[in-house]
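One chain comes next, on its own, written out as structure tokens in the form predicted on its own.
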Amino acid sequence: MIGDRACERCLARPWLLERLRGHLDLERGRLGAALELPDRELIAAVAGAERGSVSRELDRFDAAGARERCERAKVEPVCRCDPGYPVRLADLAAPPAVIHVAGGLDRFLDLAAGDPVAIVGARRASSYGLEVARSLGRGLGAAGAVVLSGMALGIDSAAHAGALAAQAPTLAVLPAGADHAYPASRRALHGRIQAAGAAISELPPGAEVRRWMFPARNRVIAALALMTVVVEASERSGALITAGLAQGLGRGLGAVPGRVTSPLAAGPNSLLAAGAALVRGAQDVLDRLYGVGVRDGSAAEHRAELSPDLRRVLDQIAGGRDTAAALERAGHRPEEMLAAVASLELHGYIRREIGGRFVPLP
């Protein structure tokens, strides 16, 4: 029966967090400290004039009703009292009392016990960042690593999609209920993640998103992952919160370099300057985790070798001559240039964007 792996005392905690959702929004500046408080102390600290009523509701908490709620949503909870609870989460000062799993509890526990790699970054990512995230997800998935992210727009969703393209499982940590997609536009991706891996949350099914839930979610990503890779992030990005948490937990940290003039490269470049591992592709991550050459990530690559002429065109596109007009100005005859571009696109080295720009693929 769903709920057998979550005790009554632990099940009360996610109910309480959901009940205090509005109050916790006011505590984002000290959210970590608030989440460390036991139930009664948390109520006293944040509930204000509702302290008495919330305490009485907690006294009447209906564990059977919480289990039925999970049953209806096809979500399986596991609490930190259970021996199968992910051991890495115990490194947190405030580990989630319950993890709610959509997609299969046993599968999630198996994947979480492996070597998850978190790929995180900006929601409003560049085409370069999206292609790098997809390539990392695809390469790591093909090599047997579990790709972990938050299913947000941009880098997160691209990383999940890359892993799924390699027919590999992937884990999504959601800010609110694991039973529904957030954002809603990622409903199809949410379904594919559940079919191949799992979507999880520390909050009960049906919980609605509040702002404090995002940094709370980030700590779960950082703790579950053996290594976190930041692809693109501005200086104020939530991905950098995840990176800082990962470092604090002693996890590996990597970053993808970007143009120094791009605001989206500010976060990764700062991490690299501070000592994060340079990540140019999946092999860099695999080498960092397992030792140089121990695990080969080349299985994800099926692209043909390029002739010197095609390599020269690709290098020019990567160097900024990324339109037909720019390539012609570089000395390519139109018919030869169009044939070269078509060949590069056919073999997966570039992608043509709306407007005619050519984007190199990792």
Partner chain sequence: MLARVATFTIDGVDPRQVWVEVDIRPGLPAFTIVGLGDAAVRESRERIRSAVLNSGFEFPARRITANLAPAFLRKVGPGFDAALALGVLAASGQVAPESLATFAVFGELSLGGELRDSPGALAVAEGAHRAGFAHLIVPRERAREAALVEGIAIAGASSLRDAAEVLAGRTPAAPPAEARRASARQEPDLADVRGHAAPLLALQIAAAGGHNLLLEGAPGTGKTMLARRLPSILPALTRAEAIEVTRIHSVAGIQSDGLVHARPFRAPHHSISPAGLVGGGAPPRPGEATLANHGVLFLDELSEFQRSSLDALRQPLEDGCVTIVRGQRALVFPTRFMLVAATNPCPCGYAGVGDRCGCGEADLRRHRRRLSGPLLDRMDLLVDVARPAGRELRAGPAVDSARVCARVAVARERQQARLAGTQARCNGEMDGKLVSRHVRLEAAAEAAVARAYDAGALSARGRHRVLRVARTIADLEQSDRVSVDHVLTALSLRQRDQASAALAA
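Numbering follows the first chain given and starts at 1. What you are looking at is a predicted structure, and each value in this text was computed from that prediction instead of being measured. Here the rigid core means the biggest group of C-alpha atoms that line up within 1.5 Å when the two forms are laid on top of each other.
The same protein also exists as the form predicted together with the partner chain; that form is not shown, yet it is the one meant from here on.
**Student:** Sort through 36 to 44, 50 to 58, 328 to 336, 312 to 320 and report the only stretch with a non-hydrogen atom within 4.5 Å of the partner chain in the predicted complex.
**Tutor:** One stretch meets the cut-off, namely 328 to 336.
**Student:** Just to confirm, R134 within 4.5 Å of the partner chain in the predicted complex by heavy atoms?
**Tutor:** Yes, R134 sits close enough to the partner chain in the predicted complex that at least one of its heavy atoms falls within 4.5 Å.
**Student:** Does Q167 make contact with the partner chain in the predicted complex, using a 4.5 Å heavy atom cut-off?
**Tutor:** Because no heavy atom of Q167 falls inside 4.5 Å of the partner chain in the predicted complex, the answer is no.
**Student:** Mark L130 yes when one of its heavy atoms lies within 4.5 Å of a heavy atom of the partner chain in the predicted complex, and no otherwise.
**Tutor:** Flag for L130 set to yes.
**Student:** Even though the partner isn't displayed, in the predicted complex is R186 close enough to the partner chain, meaning a heavy atom within 4.5 Å?
**Tutor:** Contact check for R186: yes, within 4.5 Å of the partner chain in the predicted complex.
**Student:** Ok, R211, R280, R192, K74: which has a heavy atom sitting within 4.5 Å of the partner chain in the predicted complex?
**Tutor:** Selected residue: R192.
**Student:** Taking R124, S262 and G356 as the candidate spot, are all three within 4.5 angstroms of the partner chain in the predicted complex by heavy atoms?
**Tutor:** Verified in the predicted complex; spot residues all in contact, yes.
**Student:** At 4.5 Å, heavy atom to heavy atom, what parts of 87 to 107 sit next to the partner chain in the predicted complex? List them in sequence order, or say none.
**Tutor:** Residues within 4.5 Å: none in this stretch.
**Student:** Superposing on the rigid core, does the Cα of A324 end up 2 Å or more away between this form and the one not shown?
**Tutor:** True for A324: a C-alpha shift of 2 Å or more.
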